[in-house]
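This document opens with one chain alone, in structure tokens, the form predicted alone.
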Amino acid sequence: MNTLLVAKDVKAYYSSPKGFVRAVDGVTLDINPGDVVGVAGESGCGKSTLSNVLMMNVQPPLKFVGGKLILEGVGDLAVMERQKVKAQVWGKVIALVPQSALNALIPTRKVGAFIKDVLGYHLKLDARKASALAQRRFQELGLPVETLAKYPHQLSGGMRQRVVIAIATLLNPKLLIADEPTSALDVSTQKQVLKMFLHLKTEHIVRAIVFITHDIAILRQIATRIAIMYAGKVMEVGPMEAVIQRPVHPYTCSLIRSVLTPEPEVKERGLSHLAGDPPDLLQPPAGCRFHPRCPQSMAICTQEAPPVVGLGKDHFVSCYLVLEGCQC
């Protein structure tokens, strides 16, 4: 099985008057066909920046600093000109569902007219063919076709989100990246949106999904693998249930133990709170970036960044505790 997208030691920083904000700083991540890769972490850890970097949607003040982004059948996106990536990759091979569904649509354009504009630009389709393609995709995803004749403000928040997902997949991209797609929705609407994502994968409309959220409980319903981000770095990555059941990195443990779920083991151990705040990425701490908040920090954690250690099939962690034979 070929890897769909390989991100290797990817770095992307925001420039500011005070220096560089290291939002994505050495991220390595593989995305395979059939994957739903959940990316989780606190606000400000670099999740949304990573979503744009993975498709090389990088504009000032964000700057791509280093690393490789090898896309199956295309090559290294990091060395391609932006216009070439935009023309050949965006929407066709990699598509993005942005964080705010309302902002992704044009308030003064009806949904159908907006889609015609998008397809006319990308595929040079005339209005009739664009309309037929949109109607077919809406029907495939269980969306009312009459939605195409409405303005964004006439739709509920959940319907807007589903419309944006439908538009993002009109060209059957191989990889769909969704940035916090359920964060502003109620529980029942979240289920509808998650069902749509699963439908996209099972019907092979998309080959893989990167699902970015701060909510691990949501990821457990949809993700096959999970990557835990902290301060611009991936601390732990592995199969979803393996990481949930046997977390290794202290930050992963803290995140999981802060989530309220109905499982008996959660009721037994109760909830816990992680003290302190994430570091300033203008001046991140030396060594492991989590060490100022880590209850099991050792001297070496303050001096050198820990190596990435393999724990089994597709499970990796960046932590000295593993080398010491300890657990969180």
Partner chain sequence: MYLNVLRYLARRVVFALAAFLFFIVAIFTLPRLIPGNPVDVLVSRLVMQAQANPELIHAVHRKFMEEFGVGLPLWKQFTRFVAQLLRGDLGTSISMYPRKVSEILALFLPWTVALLIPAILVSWAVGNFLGVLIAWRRGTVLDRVITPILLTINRIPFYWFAMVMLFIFAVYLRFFPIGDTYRWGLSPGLNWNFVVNYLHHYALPFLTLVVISTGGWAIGMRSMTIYELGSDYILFADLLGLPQRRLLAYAFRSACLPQVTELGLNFGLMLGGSLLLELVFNYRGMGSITFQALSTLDYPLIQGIFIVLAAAVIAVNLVVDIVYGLVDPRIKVT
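Residue numbers count along the first chain shown, from 1. Note that the structure is predicted; figures quoted are calculated from it, not measured.
Beyond what is shown, the protein has a form predicted together with its partner chain; the following relates to that form.
Looking at 231-239, 138-146, 201-209, 151-159, which lies within 4.5 angstroms of its partner chain in the predicted bound form, counting heavy atoms?
Contact criterion met by 151-159 only.
Going by a heavy atom distance of 4.5 Å, is R246 a contact of its partner chain in the predicted bound form?
It does not: once its partner chain is placed as it appears in the predicted bound form, R246 has no heavy atom within 4.5 Å of it.
Any chance L29 has a heavy atom within 4.5 Å of its partner chain in the predicted bound form?
L29 lies outside the contact set for its partner chain.
So in the predicted bound form, does D215 come within 4.5 Å of its partner chain, heavy atom to heavy atom?
Answer no; every heavy atom of D215 is more than 4.5 Å from its partner chain in the predicted bound form.
Please determine whether K129 contacts its partner chain in the predicted bound form, using a 4.5 Å cut-off between heavy atoms.
No - in the predicted bound form, heavy atoms of K129 and its partner chain never come within 4.5 Å of each other.
So its partner chain isn't shown here. In the predicted bound form, which residue out of L281, V37, C294, M55 has a non-hydrogen atom within 4.5 Å of it?
By the 4.5 Å criterion, the partner-contacting residue is M55.
Though its partner chain is not shown, can you say which of V164, A134, L77, A223 has a heavy atom within 4.5 Å of it in the predicted bound form?
Of the candidates V164, A134, L77, A223, V164 is the one lying within 4.5 Å of its partner chain in the predicted bound form.
For a quick check, can you give me the residues of 116-145 that have a heavy atom within 4.5 Å of its partner chain in the predicted bound form?
In sequence order, D117, V118, Y121, H122 come within 4.5 Å of the partner.
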